[in-house]
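A single chain comes next, written as structure tokens; it is the form predicted alone.
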Amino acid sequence: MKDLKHLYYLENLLQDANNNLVREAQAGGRLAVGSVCSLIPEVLLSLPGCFPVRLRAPNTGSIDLGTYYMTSMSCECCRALLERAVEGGYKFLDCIIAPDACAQMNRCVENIDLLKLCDKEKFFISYSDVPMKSDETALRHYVKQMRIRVLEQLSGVYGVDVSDAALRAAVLGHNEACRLITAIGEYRKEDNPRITGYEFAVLCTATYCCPKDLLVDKLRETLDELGSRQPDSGKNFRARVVVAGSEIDNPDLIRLIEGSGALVVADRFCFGSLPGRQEIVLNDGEDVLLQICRQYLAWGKCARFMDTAKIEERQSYIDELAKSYHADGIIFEQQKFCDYWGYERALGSRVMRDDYGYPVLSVDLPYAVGTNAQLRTRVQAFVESIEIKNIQGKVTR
């Protein structure tokens, strides 16, 4: 297929946390609000004069300093982010809003605070206690925390407008980018998709770490471009897969999987679009913050939600994605030493294989996956196993 017009530009944006669009927004007087988890609704960090930046550590090499402060048994993603902060990679941030969700990420952010690695005069870090269930009691607590730990902090320190009108304006901008990403993602359902999983991952990841309003024109142009783009005449993949699990902020992992013969058609992971890029629907009768929080709790598919209903919901959701996107198998992944997703991967991979009948590959990933030969070999073997199963099924029929 012909390269997408804006792919190279977007790939370059992902090479640096303080990328060109971040610098452009800050030059215009806007605040860069650091985020480390989807449990803090992005839209609350997109209020007038602000934009969210989901922290990443592109081109990570050694994480020795991160390991020194956090030990070698901590999540590699958290160590890599701390390493990048020590290197000065997040000095551009005006604040970091973090949920008290993952203990390892908390240690990362606390070290950024204690070591004073972000030294702007008004820089602050705010922690929010987020619920582990999605019932009405949890919702009330969630709303209170978002008001106190996010809105009041932004208003008190920087004078950000946090009125209902400002929240509605933020939702409108957020929804526009989400509509475009969702429409682009629909093409992945095609029998021979006109967009690869890697290309989609570049587009989607960019919406997490760049000001969305500065990306909208390029997303819209890409959607128009895809409308007439013709896929290669012959399929250049051997199996379609859903990738499900924890943090994947490097599209190179998707490229590695696809280079091994498995087309990634659905992304149920942190930095993915399913969920993550749904529109927020507001009515006129309820408090705006309440409506936002309710929808984020309902969408939440994080392994931190440990009640039985949520666990079963995550499993049925992956099944729905696999059917909707015509997937042949599922790759369950986690960042090395991720507590929540370690348990989820062990349970989920068994359930999806034994109860739902999908071929499943279960892997733990280093943060800097690069050209990991071992992972490539495992994906290739997984693809071959899917092909053998399909052949056996045809013989049986």
Partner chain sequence: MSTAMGSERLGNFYTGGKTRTRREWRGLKDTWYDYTRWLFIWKTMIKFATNPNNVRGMFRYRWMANYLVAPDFVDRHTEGLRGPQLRIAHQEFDLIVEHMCDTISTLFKADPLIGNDERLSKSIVVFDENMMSHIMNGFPNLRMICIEIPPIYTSSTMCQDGVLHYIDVSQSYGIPGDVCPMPSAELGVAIEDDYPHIGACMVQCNTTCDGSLMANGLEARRFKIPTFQLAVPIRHTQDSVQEYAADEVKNAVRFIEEQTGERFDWDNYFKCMDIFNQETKQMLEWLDLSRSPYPQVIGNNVALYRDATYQVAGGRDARFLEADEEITRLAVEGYKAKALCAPEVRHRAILWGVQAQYYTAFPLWLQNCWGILPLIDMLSLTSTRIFSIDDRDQAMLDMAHLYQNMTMRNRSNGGYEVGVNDLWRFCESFKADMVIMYEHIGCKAMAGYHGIFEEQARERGIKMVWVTHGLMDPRAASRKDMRNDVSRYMHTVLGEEALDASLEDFDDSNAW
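Residue numbers count along the first chain shown, from 1. All values reported here derive from a predicted model rather than from experimental measurement.
What comes next is about the form predicted in complex with its partner chain, which is not displayed.
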property: Heavy atom of R229 within 4.5 Å of its partner chain in the model of the complex; result: no
property: Exercise: V369 in contact with its partner chain in the model of the complex, heavy atom 4.5 Å; result: no
property: Non-hydrogen atom contact D339 with its partner chain in the model of the complex at 4.5 angstroms; result: yes
property: R107 within 4.5 Å of its partner chain in the model of the complex, heavy atoms; result: yes
property: Interface segment, criterion being heavy atoms within 4.5 Å of its partner chain in the model of the complex, picked from 341-349, 324-332, 31-39, 46-54; result: 341-349
property: Single option in R238, R168, K189, K144 placed near its partner chain in the model of the complex, where near means a heavy atom within 4.5 Å; result: K144
property: In the model of the complex, the one of N250, S74, T222, S246 near its partner chain [non-hydrogen atom within 4.5 angstroms]; result: S74
property: Triplet A103, D135 and M306 all within 4.5 Å of its partner chain in the model of the complex via a heavy atom; result: yes
property: Heavy atom within 4.5 Å of its partner chain in the model of the complex - qualifying residues of 108-127; result: E110, N111, D113, L114, L115, Y127
